[in-house]
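Given next, in structure tokens, is a single chain: the form predicted on its own.
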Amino acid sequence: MKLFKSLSVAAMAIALITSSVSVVGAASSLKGKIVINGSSALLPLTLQAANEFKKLNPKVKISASAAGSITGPQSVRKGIADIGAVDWDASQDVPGFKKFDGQVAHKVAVIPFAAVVNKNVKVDNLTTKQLQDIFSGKVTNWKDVGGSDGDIIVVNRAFGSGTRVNFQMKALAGSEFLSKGSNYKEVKSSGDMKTAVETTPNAIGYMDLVYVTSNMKAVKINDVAPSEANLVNGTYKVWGFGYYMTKGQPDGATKAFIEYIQSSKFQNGSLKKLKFIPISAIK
């Protein structure tokens, strides 16, 4: 009887090992090349997912770059990218941008955006009206919004940025941006925004939470902090879905990569560690 049990356990172990090997083998047989372009806000997520996916599928090559959201669906339309990462659903019209016909939008993340200031700024909370006045150039000194005396330096993202689209629509309620002046800077990417706010005294800008560092401060908006809990409970309004755009329905390695980034394992693991919020958290 003991011998029978031992043989049974061994047989089960061999079966499990064989099953595991076949699953790994099936995964690793996937081949192809995926080119991703677009949102710099989504780039950290894309790079992390690509790193994990390539370990599981070593025969798949993935290249990713970020030059702003609008370049994502543009690259897909031109046929130079398989996936366009964008901070809005580019299959629909949004203020300032017409929809990209024939493209399919795949939700991959919830992105919290925040108004951020240089660490020397003594302001912790701003109202919608104060943000509108600052980013339009109507208010130019921090003392006028509860801070210390100092000229406000406005840092803005260039036109075509998905972060800009979301911040303008949701933090500024559609109010227009300042576009020039001695107290105005314009940057091309989330990384550039991070550097500008970190190194420019009295600066204010905006970015997704992934890029916020100890050398800056994410301020409350209307007394509500930019946190996952506040976003999920509906009190923090400055956020958007991140999308992967494809020309029609994807297949092969592209389809498998999108499914991987949408999987509960990635959404509740690496995605959350990067300060994004799982798409399933928004009902």
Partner chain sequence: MHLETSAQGRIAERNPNELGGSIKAGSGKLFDRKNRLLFYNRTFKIICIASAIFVCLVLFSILFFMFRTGVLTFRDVSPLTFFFSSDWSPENESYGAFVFIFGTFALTLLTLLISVPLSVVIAVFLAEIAPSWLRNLLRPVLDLLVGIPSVVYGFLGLTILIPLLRDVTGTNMGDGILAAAIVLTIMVLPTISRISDDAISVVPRKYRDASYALGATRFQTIFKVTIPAARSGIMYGVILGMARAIGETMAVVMVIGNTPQLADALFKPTSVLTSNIVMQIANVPFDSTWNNALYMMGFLLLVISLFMIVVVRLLQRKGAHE
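This one's a predicted model, so the numbers in the text were calculated from it and none came from an experiment. Positions refer to the first chain, counted from 1.
From this point on, the text means the form predicted together with the partner chain, which you will not see here.
Asker: Tell me, please, which stretch of 122 to 130, 157 to 165, 102 to 110, 209 to 217 lies within 4.5 angstroms of the partner chain in the predicted complex when heavy atoms are compared?
Answerer: Stretch 157 to 165 is the one.
Asker: Can you work out whether the partner chain is within 4.5 angstroms of a heavy atom in all three of Q74, E186 and T200 in the predicted complex?
Answerer: Yes: each residue has a heavy atom within 4.5 Å of the partner.
Asker: Quick check on this chain: which one of T195, S91, S136, N141 has a heavy atom within 4.5 Å of the partner chain in the predicted complex?
Answerer: Flagged contact: T195.
Asker: Of A64, A256, A67, A225, which one comes within 4.5 Å of the partner chain in the predicted complex, counting heavy atoms only?
Answerer: Only one listed residue qualifies here, and that residue is A67.
Asker: Report yes if any heavy atom of D151 sits within 4.5 Å of a heavy atom of the partner chain in the predicted complex; otherwise report no.
Answerer: D151: contacts the partner chain in the predicted complex.
Asker: Although the partner chain is absent from this view, report whether G181 comes within 4.5 Å of it in the predicted complex, heavy atoms only.
Answerer: Flag for G181 set to yes.
Asker: Which of the residues spanning 76 to 96 lie within 4.5 Å of the partner chain in the predicted complex, based on heavy atoms?
Answerer: Stretch hits: a single one, K78.
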